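Consider the single chain below, provided in structure tokens and representing the form predicted alone.
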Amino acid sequence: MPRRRKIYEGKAKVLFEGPEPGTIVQHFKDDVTAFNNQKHDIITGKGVLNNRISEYLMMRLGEVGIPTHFVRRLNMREQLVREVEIIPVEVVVRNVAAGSICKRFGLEEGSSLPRSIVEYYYKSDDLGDPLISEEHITAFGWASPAEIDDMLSLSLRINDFLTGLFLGIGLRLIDFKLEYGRLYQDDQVRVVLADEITPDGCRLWDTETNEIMDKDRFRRDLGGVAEAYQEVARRLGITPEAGQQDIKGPVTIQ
């Protein structure tokens, strides 16, 4: 088997050169990190679960007209995606007060926000992903005003869709992080959703008990990280492969 060329390795994924020009293989690792990689562990099976969860959510978003980089899942841990130029801006959509916004504004965790709030962060591990404004984004050339408008519009549409989807399975979408990229096709360029959507980058609480079902279980030493991710996958109606079996698509649990 020919050795694949590694393009990039992050905290939770590895990117390899794809089988065709303009494609990349995205490999999900079992690594889990927090506090800008100051806390690290291995959660066996997390990469398999995140691969399936992100596949499912990207497919569902694609069905409602959200452009994404996702092409198809390849195996237990890998999916084929379109090569994009990542915009170095993380978009965070907040529906309920949790995490850093509570510290910044003295809000009680779990309190309702007046409306969904969209924040921008500069994607830089060295700088700790600082909070930025649209002025910073345009002044430093990270994205154009038109691209910011696209990211804002898409993020709000994604929030509306995912909020309803998760509510239907008994989960509250507290907040989540999105990344976007520029997809170059022929002579055109457009902004598309990239990276992943998993419990690594979403806060999900059970609607009845407020039980945490995301990476905050690792941040707060609550334990049961794999079990929480597995429960999210179960509620979505998808399950990871058993052993080496390769299921071609999401499996509905009756």
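Predicted model, so just to flag it, every value in this text is computed and none were measured. For every residue, the number given is its place in the sequence shown, counted from 1.
The following text describes the form predicted in complex with aspartic acid, which does not appear among the structures shown.
Contact stretch among 22-30, 58-66, 186-194, 214-222 - heavy atom within 4.5 Å of aspartic acid in the predicted bound form = That would be 214-222.
Interface membership of A34, aspartic acid in the predicted bound form, 4.5 Å heavy atom rule | Judged by the heavy-atom cut-off of 4.5 Å, A34 is in contact with aspartic acid in the predicted bound form.
Does any heavy atom of R234 come within 4.5 Å of a heavy atom of aspartic acid in the predicted bound form?
-> Close contact is absent here: in the predicted bound form, R234 is far from aspartic acid, nothing within 4.5 Å, heavy atoms only.
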